[in-house]
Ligand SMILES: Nc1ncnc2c1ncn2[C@@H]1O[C@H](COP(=O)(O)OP(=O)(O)OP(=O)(O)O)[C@@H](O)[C@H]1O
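Take a look at this one chain, the form predicted on its own, written out in structure tokens.
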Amino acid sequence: MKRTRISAIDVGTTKVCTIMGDIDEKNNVRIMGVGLAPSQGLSKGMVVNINEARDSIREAVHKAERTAGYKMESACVGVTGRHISSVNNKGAVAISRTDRLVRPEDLKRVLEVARSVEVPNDQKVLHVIPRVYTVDGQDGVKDPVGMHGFRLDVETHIITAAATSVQNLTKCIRGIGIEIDDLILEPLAAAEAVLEPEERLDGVMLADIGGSTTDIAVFKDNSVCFTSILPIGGYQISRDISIGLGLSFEAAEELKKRFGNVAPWHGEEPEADKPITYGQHSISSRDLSEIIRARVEELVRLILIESPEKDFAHFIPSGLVLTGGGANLAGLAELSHDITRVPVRIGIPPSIPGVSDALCDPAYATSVGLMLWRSRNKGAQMPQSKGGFRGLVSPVLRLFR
């Protein structure tokens, strides 16, 4: 069976994760190589030092290449940062042919009309994602190709990004000899890895808690309707620990990963406040938990504020899915449920054949999601109505060169 090679590069604020693999004719993914490297030269998802960022990406790519046994030529790349913005917009075109048959070129025309929104000079359109089509007033149409009608309408979710920020990222990757297949907003990629079809249909909010950003995407009726990037993440939690307990940032980060817990204290059991010994420091586990809990409560409330609808529970009955490295905090789902009063779960990427054992962790949701997105939207044969923005990727890349 013929297999096609694919790769993904997730450039985060704390780590760079590179995955190499292939897909067969049935779109089944196999992981051939994984490379991880500490991230340098980035802040809040944006490149602040091109040379340092390029070196971090090169290290992660070389590690993946050594495991896979071949060289990476191109990759699907995740994009995030506070510069991301989004809006929903509609478009409509007439079907003027005699047979009144909707063809693929009509989908392209109506999407071009929908993407004609006013964008600031420093921003470029990254994604134009069709949410739903309407043919002669018949709404709820997911694939209008082959239907008959006089008028075709579309409702889209449009995502824009700062041109300079994306140019800096693509420059780092092309600087090590790797071409870019696609640029994908990271919460859309993470959603590919951790959301269930039923959740997307009923309504769900995804929050990917990274090192210094929390990426948010809301899905309803099987399509994305809202995206946002919060400039807060695991870094702020570690910084609070560092200041509150008088430790170095590195020690605070290690304590958070090893002993961090936001579960509420019940009663006054003697074992509830065990001292934690770290190097020459002895720290109260209760103090550590209270510091983490205060920041996490703030983060969860900020995520709630981002909801596009005030009636949070009614709009997204499937609740909140938390993923990313910050979702590994013990007790996070329970605390989030207490605050939001909606179902909350931790999103973990699925197990994929190959050398992917370490990837079954919320921290790698975006990395795995980039591979899955690439496998499900491979090549131009993917109809515009099915996957959304594949047909617009090439023009987008030209804009960001």
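Numbering starts at 1 and runs along the sequence shown. Fair warning: this is a prediction, and the values are worked out from it, not measured in the lab.
There is also a form predicted together with the ligand; it is not shown, and the following applies to it.
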message = I'd like to know whether residue 377 contacts the ligand in the predicted bound form, with contact meaning heavy atoms within 4.5 angstroms.
response = no
message = Taking the ligand as it sits in the predicted bound form, is residue 91 near enough to touch it, meaning that at least one heavy atom pair lies within 4.5 angstroms?
response = no
task = Give a yes or no for residue 212: in the predicted bound form, does one of its heavy atoms lie within 4.5 Å of a heavy atom belonging to the ligand?
result = yes
inquiry  = Since only the chain is shown here, I'm wondering whether residue 142 would be in contact with the ligand in the predicted bound form (any heavy atom pair within 4.5 Å).
reply    = no
query = Using a 4.5 Å cut on heavy atoms, which of 192, 253, 182, 155 is close to the ligand in the predicted bound form?
reply = 253
task = Sort through 363, 53, 371, 61 and report the residue having a heavy atom within 4.5 Å of the ligand in the predicted bound form.
result = 363
task = Please determine, with the chain shown alone, which of 219-227, 132-140, 312-320, 232-240 has non-hydrogen atoms within 4.5 Å of the ligand in the predicted bound form.
result = 232-240
task = Scan 14-38 and note down the residues that get a heavy atom within 4.5 Å of the ligand in the predicted bound form; none is a fine answer too.
result = 14, 15
